[in-house]
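In structure tokens, the next block holds one chain alone, the form predicted on its own.
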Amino acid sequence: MLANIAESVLATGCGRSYGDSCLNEGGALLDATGLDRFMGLDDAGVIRCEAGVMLGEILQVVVPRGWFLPVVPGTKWVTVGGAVANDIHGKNHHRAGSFGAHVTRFELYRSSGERLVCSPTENRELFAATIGGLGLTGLILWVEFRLQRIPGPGVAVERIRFANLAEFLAIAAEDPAHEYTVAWVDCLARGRSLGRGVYFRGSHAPLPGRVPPPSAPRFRIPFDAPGRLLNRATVSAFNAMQYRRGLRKRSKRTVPHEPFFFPLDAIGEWNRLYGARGFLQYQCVVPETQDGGVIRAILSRVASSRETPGLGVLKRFGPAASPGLLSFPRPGLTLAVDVAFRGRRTLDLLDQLDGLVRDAGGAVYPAKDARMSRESFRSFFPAWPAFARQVDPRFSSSFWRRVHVG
């Protein structure tokens, strides 16, 4: 299959990774979206499908039957192979862990021509390296994993406004009572309002009427916005409006699952709002302290910089350990911030944040990275030597060549 390809190769799916882990400059990309067959679903909720099936396609099939994916990211346009390769996490990590924790087995095609079934008991080293392994161990052909039972296609959501990071931490202490939790955070707030935002928590619930069909984007951004449309003044005004939206500090309602889990899917090509130069997303996880010290320092550094932070998302990761050697989730607080790219000064800020994360014993998410150093990568992922031994010699990526020297 790979004998006639001279360059290095890398499988690609929907291309939703924000950095260069799904790019292979100078090499070949294998389009895995043609691997799109459903292969089985049993009464216990164990599903098997080829690696190119998208999460949204699975939900379309299983939600009317009373099932749901064990973990979903912020978009439904992700392939199952990508979910495994990035060991995706979601709003329920505090309860369910990462996607890899629900994978029972998969088949891996190696450049040697071998087709290996991997599981916690078969080819265990490759199983651990492939989950969160960024597609570097070979081509995932199919995946088998466990679904979860749900009472209906809705989500009962509670919205809570919080005034600062201390209030966020107090609310987050109640996470175990809720299936899903996440917070929008105003990354420009400072002083006593540092870390203010809106907390969302929810659980699966019945929804009267028929199951809503999958939704297409309600509208698309037709062109790249002017480079200075998103500046600190416009983002600050938007954040103030978002924070003050609604008269009550707390409100509850039941909504279809899509707008709760995938709000940005409603806007096609939303990244164009950042202009032609685009943006970088910085997502880190750091150990939690009583006052949220490292997250407090990161938010303060971002707010006092000259950069323009857009969307900010803050949540707590639970104690569940992932089976993957390079998996990003670990116990602590995780913060994701979109930052409009302004060249060297943006990179300098993110390098400063790397230092704070590194000193705290945390990590930065490879699936959303385009600039971490080799030294930072090795600090964030101390199991990298064991992982490197399982990398297929024909598979590579722009990310891997940046952070690893064989």
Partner chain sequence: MSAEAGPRRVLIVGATSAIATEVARAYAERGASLFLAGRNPERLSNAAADLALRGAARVETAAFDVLAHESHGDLVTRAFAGGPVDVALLAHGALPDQARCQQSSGEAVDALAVNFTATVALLTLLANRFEAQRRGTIAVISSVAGDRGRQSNYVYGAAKGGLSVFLQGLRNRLHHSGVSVVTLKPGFVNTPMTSAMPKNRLFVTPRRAGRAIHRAIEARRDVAYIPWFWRPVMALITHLPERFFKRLRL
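Numbering follows the first chain given and starts at 1. Quick caveat: nothing in here was measured; it's all calculated off a predicted structure.
If you look for the form predicted in complex with its partner chain, you will not find it shown, but the lines that follow are about it.
Engineer: Among 293, 300 and 354, does every residue place a heavy atom within 4.5 Å of its partner chain in the predicted complex?
Structural biologist: The answer is no; none of 293, 300 and 354 reaches its partner chain.
Engineer: Of the options 65, 378, 342, 371, which one has a non-hydrogen atom that comes within 4.5 Å of its partner chain in the predicted complex?
Structural biologist: Here the answer is residue option 65.
Engineer: Does residue 39 make contact with its partner chain in the predicted complex, using a 4.5 Å heavy atom cut-off?
Structural biologist: Looking in the predicted complex, residue contacts with its partner chain include residue 39, since a heavy atom lies within 4.5 Å.
Engineer: Hey, in the predicted complex, is residue 61 touching its partner chain, heavy atoms inside 4.5 Å?
Structural biologist: Because a heavy atom of residue 61 falls inside 4.5 Å of its partner chain in the predicted complex, the answer is yes.
Engineer: Which of these stretches, 53 to 61, 362 to 370, 334 to 342, 22 to 30, has heavy atoms within 4.5 Å of its partner chain in the predicted complex?
Structural biologist: Single hit among the candidates: 53 to 61.
Engineer: Heavy atom within 4.5 Å of its partner chain in the predicted complex: which residues of 322 to 361 meet that condition, in order?
Structural biologist: Nothing in this stretch is in contact.
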